[in-house]
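In the form predicted on its own, a lone chain appears below as structure tokens.
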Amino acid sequence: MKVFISGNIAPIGLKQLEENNIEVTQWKENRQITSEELIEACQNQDGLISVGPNKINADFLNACKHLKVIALHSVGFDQVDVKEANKLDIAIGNTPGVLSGATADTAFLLMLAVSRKAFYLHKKILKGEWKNYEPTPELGIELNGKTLGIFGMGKIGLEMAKKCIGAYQMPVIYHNRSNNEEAEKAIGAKYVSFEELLAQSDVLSIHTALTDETKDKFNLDVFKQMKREAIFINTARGGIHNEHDLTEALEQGIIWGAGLDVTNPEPMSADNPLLNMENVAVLPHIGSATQETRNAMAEIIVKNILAGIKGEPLPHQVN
């Protein structure tokens, strides 16, 4: 059986594929594969391991309808036309659960970095601008006892909430489509309306999927409903916030700061004004980028591929 991999995965995954007599072809160029190249590469394959923001849309799926399985190197599947995959009987797998802790760590890191303007002040050292001690300029804010708001209280949101409670005794409110009883029992999280979430959160952390409903959800009108001292954190998908509106909200002091591990588009341009704001911290989508998490993701991917090739249900199946 043959599998094409559109990028790099952890070596443990490649080893396990080899041990299961899977013939692997891997994209090795230091750039994202194009849609046309991906279609061509998959023509004689039984499965695809999709690494990066490949568009698994109707055009791709119909051009590659011979594929038995597509294993995503992600928990999110917003780039997949799931309805079309169902129609063509192509199994789609993802990697949920194993990246919750690492992604929550990234959200926590961004929250703390923004609160103390850490990225901006570090750049001042690099520019030779660290001079005499001054007690009042460029002050940060403290997080102890501040209210954490979670938009999308799933596994990652719950992990983020636990960290914030443990470190800073932050009361937690959240908004979902429905109540998360586990979070309410485990940490005393309180379900609130979307409007209450905006009005009450000192830190608002995004942990939801990108859907038609959440695309551009956080725009200028929404930022205007938040506290002026609020910190906005997004480690989910860049399309959930409107980046132009976020920039305007920060420039006008509508909200206090922002921490982003995801941007729109990705990668972010080096001249993006957000990168030079003192109350902003931006990372290059490193949410799950730990050795432990990437190894675990690779192992799940292999299990999804092997099951799909055999025509069995995937351990983690989207459709």
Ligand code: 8YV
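Numbers follow the displayed sequence, beginning with 1. Owing to the predicted nature of the structure, the values given are computational and were not obtained by experimental measurement.
Keep in mind that the form predicted together with this ligand is missing from the display, and what follows is about it.
At the 4.5 Å threshold, heavy atoms of K117 stay clear of this ligand in the model of the complex, well away from it. At a distance threshold of 4.5 angstroms between non-hydrogen atoms, K146 is out of contact with this ligand in the model of the complex.
Looking at H285, you'd find a heavy atom of it within 4.5 angstroms of this ligand in the model of the complex. The closest non-hydrogen atom of G76 lies within 4.5 Å of this ligand in the model of the complex.
None of 39-47, 268-276, 249-257, 66-74 except one has non-hydrogen atoms within 4.5 angstroms of this ligand in the model of the complex; the exception is 66-74. Not one of I90, P315 and H316 comes within 4.5 Å of this ligand in the model of the complex, counting any heavy atom. Contact with this ligand in the model of the complex, judged by any heavy atom within 4.5 Å, is made by just one of I240, A113, A189, L99: L99. Counting a residue when any of its non-hydrogen atoms is within 4.5 Å of this ligand in the model of the complex, the hits in 287-306 run S288, R294, M297.
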